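A single chain, nothing else alongside it, follows as structure tokens in the form predicted on its own.
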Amino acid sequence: MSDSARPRRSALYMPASNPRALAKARSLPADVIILDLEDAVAPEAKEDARNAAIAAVAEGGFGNRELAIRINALDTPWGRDDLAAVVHANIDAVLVPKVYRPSDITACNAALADAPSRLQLWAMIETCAVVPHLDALAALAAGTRLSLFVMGVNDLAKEMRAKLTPERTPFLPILTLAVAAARAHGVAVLDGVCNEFRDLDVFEAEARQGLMFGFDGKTLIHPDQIAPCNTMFSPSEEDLAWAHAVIAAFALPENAGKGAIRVDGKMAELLHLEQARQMVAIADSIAAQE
């Protein structure tokens, strides 16, 4: 499966220090499981969590879910050891928190020189310092393992001293910039977590906002958020019907070489054909996965 067609609707953080959480992660319908060594782990448990994560990965059983480990920040006492430990772990990605500048990612990339080529670098967008460098950061995808942004709105709120409301008003410009930078350089991008896991109406509203912004999916903090998140970020039947109609119309001999045609009374251009093919590819991947 190509990365562009890989469903990343739901990405669930699971604390690596919790054996029951690690066991449960193997049976949950999240597209991505992120074994967390950072926020969800107390300082005195960091080393044990690292060992537990590596052991869980070695044990396997995560199926076709994409598997990532979020390490501690490089400027902490644990970050460098975390990075060294995951070099040969059988995971899909390393999620790097507290990225301040593009050189943080190039440093991580250099540290992973001996890792398998399939290992990706994912970057948390959660510091004020990185915001002016989003385009430069995303541009690193051309020459490094960087392939995905993950929004960290909670940390942004803390640094900005901003209020985190359901509307996320103070962060809307940053969300927009992150998505635009990611799309400009072929980087996938996931929305940040919703802290409200008991009220799924609040969660669904925030997920709908993320979909509107163009995110590929959303990071989660509780298994109850998985089902509504997968539903929200899956192509609807109506959208898929339109996509198939666009693909079929452009395939007609009379439309060969045309840049714009009419489909079901609406104008469709080649950019819509590209979007339609992407949507169908993701829908096919979701169907095969489920």
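So that there is no doubt, residue numbering starts at 1 and follows the sequence shown. Note that the structure is predicted; figures quoted are calculated from it, not measured.
This protein has a second form, the form predicted in complex with a small molecule, left out of what is shown; the following refers to that one.
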Exercise for the section: Look at the candidate spot formed by Ile71, Trp122 and Arg145 and say whether the small molecule comes within 4.5 Å of a heavy atom in all three of them in the predicted bound form. Expected result: no
Handout entry: Residue stretch of 238-246, 53-61, 22-30, 252-260 approaching the small molecule in the predicted bound form, non-hydrogen atom distance within 4.5 Å
Key = 22-30
Practice task
Consider Pro228 of the chain shown here, and say whether it contacts the small molecule in the predicted bound form, taking contact as heavy atoms within 4.5 Å.
Solution key: no
Problem - Arg198: touches the small molecule in the predicted bound form, heavy atom cutoff 4.5 angstroms - result: yes
Exercise for the section: Find out whether any non-hydrogen atom of Leu12 is located within 4.5 angstroms of the small molecule in the predicted bound form, and reply yes or no. Expected result: yes
Problem - Partner contact for Gln275 in the predicted bound form: the small molecule, 4.5 angstroms, heavy atom - result: no
Handout entry: Heavy atom within 4.5 Å of the small molecule in the predicted bound form - residue from Val187, Leu175, Ile91, Val193
Key = Val193
Handout entry: Partner-contacting position among Met232, Ile221, Ala45, Leu67 - heavy atom within 4.5 Å of the small molecule in the predicted bound form
Key = Ile221
